[in-house]
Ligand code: NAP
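Take a look at this one chain, the form predicted on its own, written out in structure tokens.
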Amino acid sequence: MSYDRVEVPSSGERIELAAGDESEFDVPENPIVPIIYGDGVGTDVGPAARRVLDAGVEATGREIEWMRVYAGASAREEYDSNLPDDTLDAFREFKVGIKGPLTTPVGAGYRSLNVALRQRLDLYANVRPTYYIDGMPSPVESPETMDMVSFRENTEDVYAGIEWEAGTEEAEQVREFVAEEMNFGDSIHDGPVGIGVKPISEFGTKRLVRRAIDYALERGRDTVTLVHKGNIMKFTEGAFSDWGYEVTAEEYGENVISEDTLWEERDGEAADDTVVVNDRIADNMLQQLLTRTDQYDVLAMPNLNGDYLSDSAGAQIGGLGVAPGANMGDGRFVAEPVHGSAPKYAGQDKVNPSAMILSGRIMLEHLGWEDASELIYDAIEEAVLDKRVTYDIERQLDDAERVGTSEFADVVIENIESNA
């Protein structure tokens, strides 16, 4: 593969897929990893996260050969394109990467650069581990009860972008078809109307639910909860739930069962190695996150529900500044923080880099480097407990020391080096 404006590190090695397995990797000790710093505050948190990840990896005798690639504002400067082929090709070729937040400019041809990247690379599972870091200020009384991983379908639902603006010829054509051909005229009010289509497929649902169940089995999680609004949207979100239960019944053995089977055949008693699949209505699940937090392990959701639920869960452990995420497909992985680009803070060396650092932790775990991942987690927790934190946390703590983005990275690196 040749690239126009980026250089491939000559000393690094490629990550290879294991033979016959689209989810397992053969990882060298010095892999080449593409990185997008991102827009807005990405120019601050990207380099800071890279330094922390380097420290954690090097402390365990390994090395990452970073390959900087571009999207968003930086790509427009280098390529006159928001999402150049070089960037997509790098993530395809090197299998595992990380990106910061991106801003979609007006008139860019994309509704969202983040969504476009996920769709172009078929990164169909957005995965967000949500867990509490000791000492972090939180709006809830017992944030430590939150230890949950959400699997959000990334390619379908209303995020597919199939919609038409009110007043356009296309919207009127769809309206006429829906009203006259499909007999739903009474469901649409008079006057201008925007119309969208919500596709949820058996294929997209089953591969997402399969990924969530596999994760639960691999990580010793007890439950997978299908979160949907199938009581109202019966043929889309209701189908999501039905297809999820089909995966449970048809593709797994006795160690993966539905909640109904658990009670009908096992009197509610599950063996230690059993994953129980259940479902909850989405609006009720928002309440359950607060009132029964510790009862949920893994959530599997359509795209829009996943967006709402994962952000709400992140609020309970301190906010989006510390909420990590990643996008997974078959044979591809791109870590990314949950927060946006916050352009008004760009270049101020002010914002919290924890979300991007912790997203890098997910990447290290995906590579099988749990020792480096744990070093980084412990170092961040130590910084929080020592109250040497960025402004978003400092303002919520008594007697805390406010540090900038790069200085916080220095604090975390010091802790890594002292604990290694």
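Just count from 1 along the sequence shown to find any residue number. Because the structure is predicted, anything quoted here is derived from the model rather than measured.
Not pictured, yet referred to below: the form predicted in complex with the named molecule.
Next item on the list: Work out which of the listed stretches, 336 to 344, 247 to 255, 132 to 140, 70 to 78, brings a heavy atom within 4.5 angstroms of the named molecule in the model of the complex.
Entry: Answer to the contact question: 336 to 344.
Notebook entry, point to check: Any chance residue 392 has a heavy atom within 4.5 Å of the named molecule in the model of the complex?
Noted result: Contact with the named molecule, yes.
Check: If you check in the model of the complex, is residue 99 within 4.5 Å of the named molecule, heavy atoms only?
Finding: Flag for residue 99 set to yes.
Next item on the list: Using the partner position in the model of the complex, report whether residue 221 sits within 4.5 Å of the named molecule, counting heavy atoms only.
Entry: Looking in the model of the complex, residue contacts with the named molecule do not include residue 221, since no heavy atom lies within 4.5 Å.
Check: Any chance residue 118 has a heavy atom within 4.5 Å of the named molecule in the model of the complex?
Finding: Residue 118 belongs to the contact set for the named molecule.
Note to self: Counting any non-hydrogen atom inside 4.5 Å, which residue from 320, 276, 285, 328 sits next to the named molecule in the model of the complex?
What the structure shows: The residue in contact is 320.
Checklist line | Contact residue in the model of the complex, from 82, 155, 236, 114 (heavy atom within 4.5 Å of the named molecule) | finding: It is 114 that has a heavy atom within 4.5 Å of the partner.
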